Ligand SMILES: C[S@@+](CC[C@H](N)C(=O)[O-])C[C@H]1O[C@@H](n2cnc3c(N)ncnc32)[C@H](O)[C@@H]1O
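Just the one chain here, the form predicted on its own, laid out as structure tokens.
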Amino acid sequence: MLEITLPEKIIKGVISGKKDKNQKNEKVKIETILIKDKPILQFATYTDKQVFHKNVEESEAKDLIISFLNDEFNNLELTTEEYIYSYRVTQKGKVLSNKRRAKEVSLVPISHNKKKNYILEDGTLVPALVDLGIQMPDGKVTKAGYDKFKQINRFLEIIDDCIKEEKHLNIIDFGCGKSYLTFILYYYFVEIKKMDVNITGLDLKEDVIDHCNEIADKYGYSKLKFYKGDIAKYRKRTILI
């Protein structure tokens, strides 16, 4: 077990620097949240495709942080009201640390009793969400659609975390089906991220393809196209967008 002294009253942090490039977890983000007005540390563990959340008391958080550093990661940064603490585990298992004054740090924990900030905000009209029944025509999220609204935002958060400095993307959705999630992804890339994106949907059902192209035309998504085709034979075909 590593010998490391961690600060009190952690506001946020990040655990990174994988020990093994093949390990499942990519990084861990730490954030103080309020649940029923009680501060709790939330750990968000990121894999390639998913994010797993765990809420713990500060007394438990320290053991969890040390466990991550023992088993999976080499770097740790923790922010308190006064300082930013940095730690690095060397190849020999020694912990190097330093601290610096924290500047312009938000000291207000996120309250889970209040409205959460989503990539797709409640009240901002997204055509595909309306057609799915998740939003009303004025952009307000329906009560029945709120869980799905949160799931879609979680998906976009994962995508957002993977995008670095990309300005242009070519995306192929194999077996696209009705493809509403692809319509939402196009909206996110073009309307929110302001990126140059071409998306191609591929499926064997001609009626589904025709329907998706009609919807893309209705939304004005000029660089979202759908084609009938066999996934196995896709490499032998040329599709021009």
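Here, rigid core means the biggest group of C-alpha atoms that superpose within 1.5 Å across both forms. Please read all numbers here as calculations on a predicted model, not as lab measurements. Just count from 1 along the sequence shown to find any residue number.
There is another form of this protein, the form predicted together with the ligand, and it is not shown here; the text below is about that form.
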Requested in this report: Scan R154, R88, K99, K148 and let me know which has any heavy atom within 4.5 Å of the ligand in the model of the complex.
Outcome: K148
Requested in this report: Would you kindly say which of A61, C176, I199, L69 lies with a heavy atom within 4.5 Å of the ligand in the model of the complex?
Outcome: C176
Query raised in the report: Can G17 be called a contact residue for the ligand in the model of the complex at 4.5 Å between heavy atoms?
Result: no
Report task. Give a yes or no for I40: in the model of the complex, does one of its heavy atoms lie within 4.5 Å of a heavy atom belonging to the ligand? Result -> no
Report task. Examine D217 and determine whether its closest non-hydrogen atom to the ligand in the model of the complex is within 4.5 angstroms. Result -> no
Report task. Answer yes if any heavy atom of H211 is within 4.5 Å of a heavy atom of the ligand in the model of the complex; otherwise answer no. Result -> no
Requested in this report: Look at the stretches 203-211, 53-61, 25-33, 190-198 and give the one with heavy atoms within 4.5 Å of the ligand in the model of the complex.
Outcome: 203-211
**Report entry** Stretch 34-62: residues contacting the ligand in the model of the complex, 4.5 Å heavy atom cut-off
**Finding:** none
Query raised in the report: Rigid core fitted, is the C-alpha displacement of Y83 between the shown form and the other one 2 Å or more?
Result: no
Requested in this report: Please say whether, between the shown form and the other one, the C-alpha of L202 moves by 2 Å or more once the core is aligned.
Outcome: yes
Requested in this report: Inspect the rigid-core superposition and answer whether the C-alpha of Q151 shifts by 2 angstroms or more between the shown form and the other one.
Outcome: yes
Report task. Given a change of 3 Å or more, say if the Cα atoms of C176 and T47 sit closer or farther in the model of the complex than in this form. Result -> farther
Report summary line: Per the comparison in the model of the complex, the I10 and Q151 C-alpha atoms (change 3 Å or more) are positioned closer
